[in-house]
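Quick setup: one chain, the form predicted alone, written in C-alpha coordinates, and binding and motion questions come after.
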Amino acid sequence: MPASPRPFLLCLTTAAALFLPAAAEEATLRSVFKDDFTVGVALNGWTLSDRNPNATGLAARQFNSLTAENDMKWQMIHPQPDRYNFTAADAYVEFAEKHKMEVIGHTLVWHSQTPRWVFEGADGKPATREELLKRMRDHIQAVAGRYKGKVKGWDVVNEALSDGGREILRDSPWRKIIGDDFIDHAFRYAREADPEAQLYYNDYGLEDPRKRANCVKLVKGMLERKVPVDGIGTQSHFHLVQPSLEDIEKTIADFAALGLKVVVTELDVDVLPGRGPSGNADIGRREQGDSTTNPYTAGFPPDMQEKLAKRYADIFGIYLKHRKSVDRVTFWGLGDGHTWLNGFPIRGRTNHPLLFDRELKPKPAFEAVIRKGREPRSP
(Lines give C-alpha, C1' and ligand atoms only; values in the text may rest on other atoms or scores of the structure.)
Protein backbone atom coordinates (compact mmCIF):
# COMPACT_ATOMS: atom_id res chain seq x y z
CA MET A 1 0.00 0.00 0.00
CA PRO A 2 1.47 3.39 -0.95
CA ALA A 3 2.27 5.81 1.83
CA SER A 4 -0.43 8.37 2.71
CA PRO A 5 0.20 11.84 1.21
CA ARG A 6 -1.44 13.57 4.21
CA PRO A 7 1.80 14.47 6.12
CA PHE A 8 3.26 15.97 2.96
CA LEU A 9 0.12 18.03 2.35
CA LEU A 10 0.08 19.21 5.95
CA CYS A 11 3.67 20.41 5.61
CA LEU A 12 2.78 22.32 2.46
CA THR A 13 -0.23 23.90 4.17
CA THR A 14 1.82 24.93 7.18
CA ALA A 15 4.59 26.38 5.03
CA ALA A 16 2.14 28.29 2.88
CA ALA A 17 0.48 29.77 5.93
CA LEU A 18 3.75 31.39 6.91
CA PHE A 19 3.66 33.51 3.78
CA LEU A 20 -0.03 34.47 3.85
CA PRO A 21 -0.82 38.04 4.99
CA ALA A 22 -2.12 38.16 8.55
CA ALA A 23 -5.77 39.06 9.04
CA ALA A 24 -6.19 42.75 9.60
CA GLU A 25 -6.52 43.63 13.25
CA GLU A 26 -9.72 45.29 14.37
CA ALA A 27 -9.36 49.05 14.43
CA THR A 28 -9.88 50.30 17.97
CA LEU A 29 -10.09 53.75 19.47
CA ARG A 30 -7.86 52.78 22.36
CA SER A 31 -5.05 51.71 20.01
CA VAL A 32 -5.33 54.45 17.38
CA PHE A 33 -5.15 57.23 19.98
CA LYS A 34 -2.89 55.45 22.49
CA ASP A 35 -0.11 58.04 22.13
CA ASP A 36 -2.50 61.01 22.21
CA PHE A 37 -5.09 60.65 24.98
CA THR A 38 -7.23 58.10 26.75
CA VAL A 39 -10.54 57.27 25.03
CA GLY A 40 -13.32 56.39 27.43
CA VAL A 41 -16.95 55.33 27.51
CA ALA A 42 -19.77 55.77 30.01
CA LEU A 43 -21.76 52.59 30.59
CA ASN A 44 -25.03 51.96 32.39
CA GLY A 45 -25.81 48.92 34.49
CA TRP A 46 -27.65 47.08 31.71
CA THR A 47 -24.79 47.52 29.27
CA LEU A 48 -22.30 46.25 31.82
CA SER A 49 -24.39 43.19 32.72
CA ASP A 50 -23.52 39.67 31.58
CA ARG A 51 -26.83 39.63 29.68
CA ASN A 52 -25.23 41.79 27.02
CA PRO A 53 -21.87 40.20 26.09
CA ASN A 54 -21.70 42.03 22.73
CA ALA A 55 -21.78 45.35 24.56
CA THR A 56 -19.22 44.46 27.20
CA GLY A 57 -16.93 42.93 24.60
CA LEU A 58 -17.13 46.03 22.40
CA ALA A 59 -16.48 48.35 25.35
CA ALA A 60 -13.46 46.34 26.46
CA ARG A 61 -11.94 46.26 22.96
CA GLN A 62 -12.51 49.87 21.99
CA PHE A 63 -11.95 51.91 25.15
CA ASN A 64 -9.33 52.22 27.87
CA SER A 65 -11.34 54.34 30.33
CA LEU A 66 -14.66 53.62 32.00
CA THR A 67 -17.20 55.92 33.67
CA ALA A 68 -20.34 54.75 35.44
CA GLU A 69 -23.19 56.71 33.88
CA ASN A 70 -25.33 56.63 37.04
CA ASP A 71 -24.16 54.01 39.52
CA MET A 72 -21.68 56.18 41.41
CA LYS A 73 -24.08 59.10 41.84
CA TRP A 74 -25.34 59.86 45.34
CA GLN A 75 -28.89 58.55 44.91
CA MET A 76 -27.62 55.19 43.68
CA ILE A 77 -24.67 54.60 45.96
CA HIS A 78 -25.95 56.32 49.16
CA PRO A 79 -29.77 56.27 48.98
CA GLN A 80 -30.42 56.52 52.73
CA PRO A 81 -28.48 58.15 55.59
CA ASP A 82 -27.35 54.85 57.07
CA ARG A 83 -27.09 52.76 53.90
CA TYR A 84 -24.54 52.55 51.10
CA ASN A 85 -24.93 50.28 48.07
CA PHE A 86 -21.57 49.58 46.46
CA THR A 87 -22.56 46.47 44.48
CA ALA A 88 -22.97 48.18 41.09
CA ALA A 89 -19.98 50.47 41.52
CA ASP A 90 -17.80 47.54 42.53
CA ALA A 91 -18.79 45.79 39.28
CA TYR A 92 -17.48 48.74 37.23
CA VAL A 93 -14.16 48.68 39.04
CA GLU A 94 -13.86 44.91 38.61
CA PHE A 95 -14.68 45.14 34.89
CA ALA A 96 -12.17 47.93 34.38
CA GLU A 97 -9.40 46.08 36.20
CA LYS A 98 -10.07 42.94 34.15
CA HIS A 99 -9.79 44.82 30.85
CA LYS A 100 -6.99 47.25 31.77
CA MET A 101 -9.22 50.32 31.75
CA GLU A 102 -8.96 53.40 33.94
CA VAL A 103 -11.94 54.16 36.17
CA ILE A 104 -13.41 57.66 36.38
CA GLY A 105 -15.73 58.37 39.32
CA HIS A 106 -18.87 60.35 38.48
CA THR A 107 -19.87 62.27 40.58
CA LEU A 108 -19.39 63.20 44.27
CA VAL A 109 -21.30 66.50 44.64
CA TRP A 110 -24.18 67.45 42.36
CA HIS A 111 -27.50 69.22 42.87
CA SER A 112 -29.32 66.54 40.86
CA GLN A 113 -29.73 62.82 41.53
CA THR A 114 -29.08 63.51 45.19
CA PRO A 115 -31.66 62.25 47.72
CA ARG A 116 -33.83 64.84 49.44
CA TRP A 117 -32.71 63.73 52.90
CA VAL A 118 -29.20 65.07 52.20
CA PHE A 119 -30.48 68.65 52.41
CA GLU A 120 -32.99 68.17 55.24
CA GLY A 121 -32.53 68.90 58.92
CA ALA A 122 -34.77 68.26 61.91
CA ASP A 123 -38.52 68.97 61.86
CA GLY A 124 -38.60 69.36 58.08
CA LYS A 125 -36.32 72.38 58.11
CA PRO A 126 -33.31 72.68 55.81
CA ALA A 127 -30.07 71.23 57.12
CA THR A 128 -27.63 73.64 58.70
CA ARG A 129 -24.32 74.50 57.08
CA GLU A 130 -22.51 72.32 59.61
CA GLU A 131 -24.85 69.37 59.04
CA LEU A 132 -24.50 69.51 55.28
CA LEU A 133 -20.72 69.89 55.37
CA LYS A 134 -20.52 66.81 57.60
CA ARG A 135 -22.74 64.82 55.24
CA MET A 136 -20.64 65.91 52.30
CA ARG A 137 -17.39 64.90 53.99
CA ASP A 138 -18.77 61.59 55.26
CA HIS A 139 -20.07 60.72 51.80
CA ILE A 140 -16.83 61.61 50.04
CA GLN A 141 -14.78 59.77 52.63
CA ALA A 142 -16.93 56.65 52.24
CA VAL A 143 -17.12 56.62 48.44
CA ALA A 144 -13.78 58.03 47.30
CA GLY A 145 -12.11 56.33 50.24
CA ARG A 146 -13.48 52.92 49.24
CA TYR A 147 -12.00 53.22 45.75
CA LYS A 148 -8.73 54.82 46.79
CA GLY A 149 -6.03 53.67 44.40
CA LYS A 150 -8.61 52.17 42.01
CA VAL A 151 -10.22 55.30 40.57
CA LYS A 152 -7.94 57.47 38.46
CA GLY A 153 -10.03 60.62 38.81
CA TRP A 154 -13.27 62.02 40.21
CA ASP A 155 -15.76 64.53 38.86
CA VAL A 156 -15.79 66.08 42.30
CA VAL A 157 -18.35 68.85 41.68
CA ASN A 158 -20.74 68.70 38.76
CA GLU A 159 -22.60 71.56 37.08
CA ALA A 160 -22.25 74.25 39.74
CA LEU A 161 -22.22 77.15 37.25
CA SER A 162 -25.37 79.08 36.35
CA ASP A 163 -26.72 79.16 32.81
CA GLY A 164 -27.64 82.83 32.78
CA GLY A 165 -28.17 85.96 34.78
CA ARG A 166 -25.60 87.86 36.79
CA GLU A 167 -24.65 85.08 39.20
CA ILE A 168 -21.67 82.88 38.44
CA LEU A 169 -22.90 79.93 40.50
CA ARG A 170 -26.15 78.01 40.23
CA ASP A 171 -28.44 78.60 43.21
CA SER A 172 -28.40 74.93 44.22
CA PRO A 173 -29.20 73.54 47.68
CA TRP A 174 -25.46 73.10 48.23
CA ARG A 175 -24.87 76.81 47.69
CA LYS A 176 -27.98 77.96 49.55
CA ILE A 177 -27.09 76.03 52.70
CA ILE A 178 -23.28 76.04 52.74
CA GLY A 179 -22.41 79.07 50.63
CA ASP A 180 -20.14 79.60 47.64
CA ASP A 181 -17.29 77.79 49.38
CA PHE A 182 -19.06 74.41 49.14
CA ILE A 183 -16.94 73.69 46.05
CA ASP A 184 -13.67 74.31 47.89
CA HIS A 185 -14.75 72.00 50.71
CA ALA A 186 -15.74 69.23 48.29
CA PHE A 187 -12.32 69.25 46.61
CA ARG A 188 -10.45 69.33 49.88
CA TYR A 189 -12.50 66.43 51.22
CA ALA A 190 -11.82 64.47 48.02
CA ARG A 191 -8.07 65.07 48.26
CA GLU A 192 -8.19 63.94 51.87
CA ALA A 193 -10.03 60.75 50.88
CA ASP A 194 -7.68 59.87 48.01
CA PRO A 195 -4.46 61.91 47.76
CA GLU A 196 -3.47 60.32 44.43
CA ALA A 197 -6.72 60.66 42.47
CA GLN A 198 -7.11 63.42 39.89
CA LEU A 199 -9.85 65.86 40.85
CA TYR A 200 -12.00 67.55 38.19
CA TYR A 201 -14.59 70.28 38.03
CA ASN A 202 -17.16 69.15 35.43
CA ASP A 203 -19.84 71.13 33.54
CA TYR A 204 -21.77 71.43 30.29
CA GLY A 205 -22.03 74.34 27.86
CA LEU A 206 -18.52 75.60 28.53
CA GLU A 207 -18.15 76.45 24.85
CA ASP A 208 -20.53 79.36 25.47
CA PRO A 209 -18.26 82.42 25.94
CA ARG A 210 -20.08 83.67 29.05
CA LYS A 211 -20.12 80.34 30.84
CA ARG A 212 -16.55 79.56 29.80
CA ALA A 213 -15.35 82.89 31.22
CA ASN A 214 -17.19 82.19 34.47
CA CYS A 215 -15.62 78.74 34.67
CA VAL A 216 -12.15 80.23 34.19
CA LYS A 217 -12.89 82.78 36.91
CA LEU A 218 -14.18 80.06 39.25
CA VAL A 219 -11.17 77.81 38.79
CA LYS A 220 -8.66 80.67 38.97
CA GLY A 221 -10.09 81.54 42.36
CA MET A 222 -9.78 77.92 43.46
CA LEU A 223 -6.15 77.83 42.41
CA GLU A 224 -5.43 81.09 44.24
CA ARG A 225 -6.98 79.59 47.39
CA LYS A 226 -4.83 76.46 46.96
CA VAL A 227 -7.86 74.25 46.37
CA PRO A 228 -6.63 70.90 44.98
CA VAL A 229 -8.15 70.89 41.47
CA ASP A 230 -6.31 68.98 38.73
CA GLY A 231 -8.50 69.43 35.68
CA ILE A 232 -11.63 70.80 34.07
CA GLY A 233 -14.15 68.53 32.45
CA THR A 234 -16.01 69.92 29.48
CA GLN A 235 -18.98 67.62 28.98
CA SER A 236 -19.23 68.33 25.24
CA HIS A 237 -22.86 67.50 24.55
CA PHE A 238 -22.67 68.92 21.04
CA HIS A 239 -25.00 69.27 18.06
CA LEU A 240 -24.30 68.86 14.35
CA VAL A 241 -23.60 72.57 13.90
CA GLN A 242 -23.28 74.10 17.36
CA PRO A 243 -21.03 74.94 19.05
CA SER A 244 -18.64 76.21 16.43
CA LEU A 245 -15.28 74.53 16.00
CA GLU A 246 -13.69 77.84 17.01
CA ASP A 247 -15.51 77.80 20.36
CA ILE A 248 -14.62 74.15 20.96
CA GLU A 249 -10.96 74.96 20.37
CA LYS A 250 -10.99 78.15 22.44
CA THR A 251 -12.51 76.26 25.37
CA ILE A 252 -9.63 73.80 25.37
CA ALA A 253 -7.04 76.55 24.97
CA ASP A 254 -8.48 78.73 27.76
CA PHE A 255 -8.56 75.86 30.25
CA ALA A 256 -5.12 74.60 29.26
CA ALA A 257 -3.77 78.10 29.89
CA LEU A 258 -4.63 77.61 33.56
CA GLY A 259 -2.07 74.80 33.70
CA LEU A 260 -4.75 72.15 34.27
CA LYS A 261 -5.70 68.96 32.49
CA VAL A 262 -8.54 69.26 30.00
CA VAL A 263 -10.87 66.26 29.94
CA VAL A 264 -13.74 65.74 27.53
CA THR A 265 -16.10 63.91 29.84
CA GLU A 266 -19.44 63.28 28.12
CA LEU A 267 -19.07 63.56 24.34
CA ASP A 268 -22.02 62.96 22.01
CA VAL A 269 -23.51 64.75 18.99
CA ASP A 270 -27.27 65.32 19.03
CA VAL A 271 -28.63 64.94 15.49
CA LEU A 272 -32.26 65.86 16.21
CA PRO A 273 -33.90 69.29 15.92
CA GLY A 274 -34.67 70.98 19.23
CA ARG A 275 -36.62 73.99 20.34
CA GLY A 276 -34.58 75.18 23.29
CA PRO A 277 -31.12 76.70 23.64
CA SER A 278 -28.36 74.66 22.05
CA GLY A 279 -25.81 73.38 24.53
CA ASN A 280 -28.06 73.48 27.61
CA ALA A 281 -27.69 69.96 29.00
CA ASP A 282 -29.42 70.64 32.32
CA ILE A 283 -31.00 67.31 33.18
CA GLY A 284 -34.15 69.10 34.33
CA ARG A 285 -34.75 70.69 30.92
CA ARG A 286 -37.91 69.48 29.15
CA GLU A 287 -39.46 70.34 25.78
CA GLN A 288 -42.59 69.26 23.94
CA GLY A 289 -42.07 67.54 20.62
CA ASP A 290 -43.91 66.28 17.55
CA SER A 291 -43.04 64.39 14.36
CA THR A 292 -40.85 67.25 13.14
CA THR A 293 -38.55 66.85 16.15
CA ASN A 294 -38.23 63.07 15.74
CA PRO A 295 -37.53 62.53 12.03
CA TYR A 296 -35.30 59.42 12.07
CA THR A 297 -37.46 56.73 13.70
CA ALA A 298 -37.09 54.42 10.68
CA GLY A 299 -33.32 54.74 10.50
CA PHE A 300 -30.53 57.24 10.02
CA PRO A 301 -30.24 58.19 6.32
CA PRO A 302 -26.90 58.18 4.47
CA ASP A 303 -26.71 61.96 4.07
CA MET A 304 -27.08 62.39 7.84
CA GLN A 305 -24.53 59.66 8.48
CA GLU A 306 -22.12 61.67 6.34
CA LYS A 307 -22.80 64.88 8.28
CA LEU A 308 -22.29 63.13 11.61
CA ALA A 309 -19.06 61.54 10.39
CA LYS A 310 -17.69 64.90 9.26
CA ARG A 311 -18.67 66.52 12.56
CA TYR A 312 -16.85 63.88 14.59
CA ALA A 313 -13.79 64.03 12.33
CA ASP A 314 -13.63 67.81 12.71
CA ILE A 315 -13.99 67.58 16.49
CA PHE A 316 -11.26 64.96 16.79
CA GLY A 317 -9.05 67.09 14.57
CA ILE A 318 -9.21 69.74 17.29
CA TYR A 319 -8.54 67.20 20.05
CA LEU A 320 -5.48 65.96 18.19
CA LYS A 321 -4.24 69.50 17.58
CA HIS A 322 -4.38 70.02 21.36
CA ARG A 323 -3.36 66.50 22.36
CA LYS A 324 -0.72 67.84 24.75
CA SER A 325 -3.53 69.46 26.75
CA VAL A 326 -6.39 66.97 26.28
CA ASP A 327 -5.92 64.11 28.72
CA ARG A 328 -9.04 62.07 27.97
CA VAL A 329 -12.03 61.93 25.62
CA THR A 330 -15.03 60.00 26.98
CA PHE A 331 -18.14 59.17 24.97
CA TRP A 332 -21.38 59.42 26.93
CA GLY A 333 -22.72 56.01 25.97
CA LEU A 334 -21.72 53.00 23.92
CA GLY A 335 -24.44 52.78 21.28
CA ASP A 336 -27.44 54.72 20.02
CA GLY A 337 -29.91 52.35 21.65
CA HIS A 338 -29.03 53.41 25.18
CA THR A 339 -28.07 57.06 24.85
CA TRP A 340 -29.69 59.49 27.28
CA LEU A 341 -30.51 61.67 24.26
CA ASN A 342 -33.36 59.35 23.32
CA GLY A 343 -35.23 60.99 26.19
CA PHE A 344 -33.65 64.45 26.45
CA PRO A 345 -34.92 67.12 26.22
CA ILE A 346 -37.95 65.52 24.53
CA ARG A 347 -39.01 62.10 25.74
CA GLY A 348 -39.45 59.09 23.47
CA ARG A 349 -37.32 60.09 20.51
CA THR A 350 -34.93 58.09 18.35
CA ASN A 351 -31.53 59.74 18.43
CA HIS A 352 -28.31 58.66 16.69
CA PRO A 353 -25.50 60.56 18.48
CA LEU A 354 -22.73 58.00 18.96
CA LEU A 355 -20.19 56.01 16.94
CA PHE A 356 -22.05 52.69 17.21
CA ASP A 357 -25.66 52.08 16.15
CA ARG A 358 -28.48 50.27 17.94
CA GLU A 359 -27.00 46.90 16.98
CA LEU A 360 -23.59 48.10 18.20
CA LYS A 361 -22.22 48.10 14.67
CA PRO A 362 -19.73 50.84 13.73
CA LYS A 363 -21.21 53.79 11.88
CA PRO A 364 -19.48 55.94 9.26
CA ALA A 365 -18.70 58.31 12.14
CA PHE A 366 -16.58 55.60 13.76
CA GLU A 367 -14.64 55.05 10.55
CA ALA A 368 -14.14 58.82 10.21
CA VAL A 369 -12.68 59.06 13.70
CA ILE A 370 -10.39 56.11 13.08
CA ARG A 371 -9.18 57.67 9.81
CA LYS A 372 -8.54 60.94 11.62
CA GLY A 373 -6.57 59.07 14.25
CA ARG A 374 -4.38 57.47 11.60
CA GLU A 375 -3.41 60.75 9.99
CA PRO A 376 0.15 62.02 10.55
CA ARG A 377 0.49 64.19 13.64
CA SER A 378 1.69 67.75 13.44
CA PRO A 379 4.35 68.74 15.98
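Fair warning: this is a prediction, and the values are worked out from it, not measured in the lab. Numbering starts at 1 and follows the sequence shown.
Although it is not shown, the form predicted together with a small molecule is what the next lines describe.
Is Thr234 one of the residues lying within 4.5 Å of the small molecule in the predicted complex, judged by heavy atom distances?
-> Contact check for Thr234: no, nothing within 4.5 Å of the small molecule in the predicted complex.
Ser325 within 4.5 Å of the small molecule in the predicted complex, heavy atoms | Although the small molecule is absent here, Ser325 would stay clear of it in the predicted complex, with no heavy atoms inside 4.5 Å.
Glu266 within 4.5 Å of the small molecule in the predicted complex, heavy atoms = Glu266: contacts the small molecule in the predicted complex.
Would you please decide whether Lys73 lies within 4.5 angstroms of the small molecule in the predicted complex, comparing each non-hydrogen atom pair?
-> Residue-level check for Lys73: yes, a contact with the small molecule.
Heavy atoms within 4.5 Å of the small molecule in the predicted complex: which stretch among 350 to 358, 332 to 340, 54 to 62, 314 to 322?
-> Heavy atoms within 4.5 Å of the small molecule in the predicted complex occur in 332 to 340.
Would you mind picking the one in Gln141, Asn214, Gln113, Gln305 that has a heavy atom within 4.5 Å of the small molecule in the predicted complex?
-> None of the other options qualify; the answer is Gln113.
What is the one choice in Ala309, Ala197, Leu161, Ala281 with a heavy atom within 4.5 Å of the small molecule in the predicted complex?
-> Of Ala309, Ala197, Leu161, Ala281, the residue with a heavy atom within 4.5 Å of the small molecule in the predicted complex is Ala281.
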